[in-house]
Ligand code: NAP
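A single chain comes next, written as structure tokens; it is the form predicted on its own.
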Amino acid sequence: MGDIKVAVTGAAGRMGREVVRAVIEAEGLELVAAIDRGCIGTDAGELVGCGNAGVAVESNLDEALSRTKPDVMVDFTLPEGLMGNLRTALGHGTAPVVGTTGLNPADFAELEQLSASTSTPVFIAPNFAIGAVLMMRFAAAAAKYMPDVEIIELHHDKKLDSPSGTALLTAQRIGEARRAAGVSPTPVPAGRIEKAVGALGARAENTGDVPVHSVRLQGFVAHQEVIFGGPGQALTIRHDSIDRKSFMPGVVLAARKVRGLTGLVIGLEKVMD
């Protein structure tokens, strides 16, 4: 078998450049297309300091996929264009590996249908850092014994969605663990969850009963604290991504494994085991 052919959308962005570099450097992966609305015509390898890769940045995703026929498309773009990219990729039988967050339940339902109708898997991870996956596992384990918990997530000021996809998935995992263990948290006082229109932070309707607080400031990349409280004690589980390189081992792992999946798969832990 030859190398896995990979297209990268959002190739000229901050995350996209790291993905391009990681694909070029990874054994068994071949960069065949780089798509972005900026830096058109620039060689993708030269753009990220890896030398000439023979792949110029282009803007038309449909044309790029038709010509290069990649096995996998890695997408780190903006939420407003994501579903269009995924529909295009699935129409070409290209398996998406998605790091862009901001999808809603209707989007997930559509992706499940498209994945089934095209027999093409879709992989989505709110966080590609392996340490973040371990943080969620540890949090789920702790929630069985310390059900009172809140999440603080801190990201750079350019992140558009809030709460983060990682925080929402962590809250989901905590809720599942508490239900399985038959334990419940102390009820949150009325008005405790942020409800103001446009407010950063949790809404009870999408985080269950796990309060989440969002910080958006310069100087951060991606950070999360899961804070458990109990009589006379507190437990904090924290993960810090201080460089976008922290996400690349997970991206490479997903690109290598996505074609062996079936349907819509969410969470890096699904390809780690």
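Residue numbers here begin at 1 and follow the sequence given. Remember, it's a predicted structure, so these values are computed and weren't measured experimentally.
Below: the form predicted together with the named molecule, not depicted.
Quick check on this chain: which one of 94, 164, 115, 85 has a heavy atom within 4.5 Å of the named molecule in the predicted bound form?
Among 94, 164, 115, 85, a heavy atom within 4.5 Å of the named molecule in the predicted bound form occurs only for 85.
Select from the listed residues 69, 245, 238, 37 the one whose heavy atoms reach within 4.5 Å of the named molecule in the predicted bound form.
Residue within 4.5 Å of the partner: 37.
In the predicted bound form, does residue 101 have a heavy atom within 4.5 Å of the named molecule?
Residue 101 belongs to the contact set for the named molecule.
Hey, in the predicted bound form, does residue 131 get a heavy atom within 4.5 angstroms of the named molecule?
Contact check for residue 131: no, nothing within 4.5 Å of the named molecule in the predicted bound form.
Should residue 265 be counted as a contact of the named molecule in the predicted bound form, where contact means heavy atoms within 4.5 Å?
Residue 265 lies outside the contact set for the named molecule.
Might residue 125 be said to contact the named molecule in the predicted bound form, defining contact as any heavy atom within 4.5 Å?
Flag for residue 125 set to yes.
Which single stretch, out of 135-143, 74-82, 176-184, 104-112, brings residue heavy atoms within 4.5 Å of the named molecule in the predicted bound form?
Selected range: 74-82.
For the stretch 11-46, which residues lie within 4.5 Å of the named molecule in the predicted bound form by non-hydrogen atom distance?
Result: 12, 13, 14, 15, 16, 35, 36, 37.
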